[in-house]
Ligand code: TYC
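Given next, in structure tokens, is a single chain: the form predicted alone.
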């Protein structure tokens, strides 16, 4: 009877030692695309409001997008990236600008 109890204790110990493996969520870059119509000031305002960028960083990102045709605004989990992308598109549409925003896996 004693050996059975030892086996149960060993099995219980093994169960307590195993840790569930947590997987980091995939991250996504939110990208802005340059166009010839959206005012630079509007892009800066979007970066400040939607991505909480300070004025200087917002200007740097806007200029990068302007010069290179595309630029990263931030990297987030899928849900957050999707939400921010939608916010950008909604603001652009509301203000009648053709600004485009998309996501890509980082």
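A quick note: this is a predicted structure, and the numbers were derived from the prediction, not measured. Positions refer to the first chain, counted from 1.
Heads up, the form predicted together with L-tyrosinamide isn't pictured, but that's what we're talking about next.
With a 4.5 Å cutoff on heavy atoms, residue 50 does not count as touching L-tyrosinamide in the predicted complex; it lies far away. The closest non-hydrogen atom of residue 57 lies beyond 4.5 Å of L-tyrosinamide in the predicted complex. When contacts are judged by a 4.5 Å heavy atom cut-off, residue 81 does not count as touching L-tyrosinamide in the predicted complex. Contact annotation: residue 30 falls outside 4.5 Å of L-tyrosinamide in the predicted complex, judged by heavy atom distances.
The putative spot formed by 34, 39 and 62 is fully lined by L-tyrosinamide in the predicted complex; each residue has a non-hydrogen atom within 4.5 angstroms of it. Contacts to L-tyrosinamide in the predicted complex (heavy atom within 4.5 Å) from stretch 78-106: 99 only.
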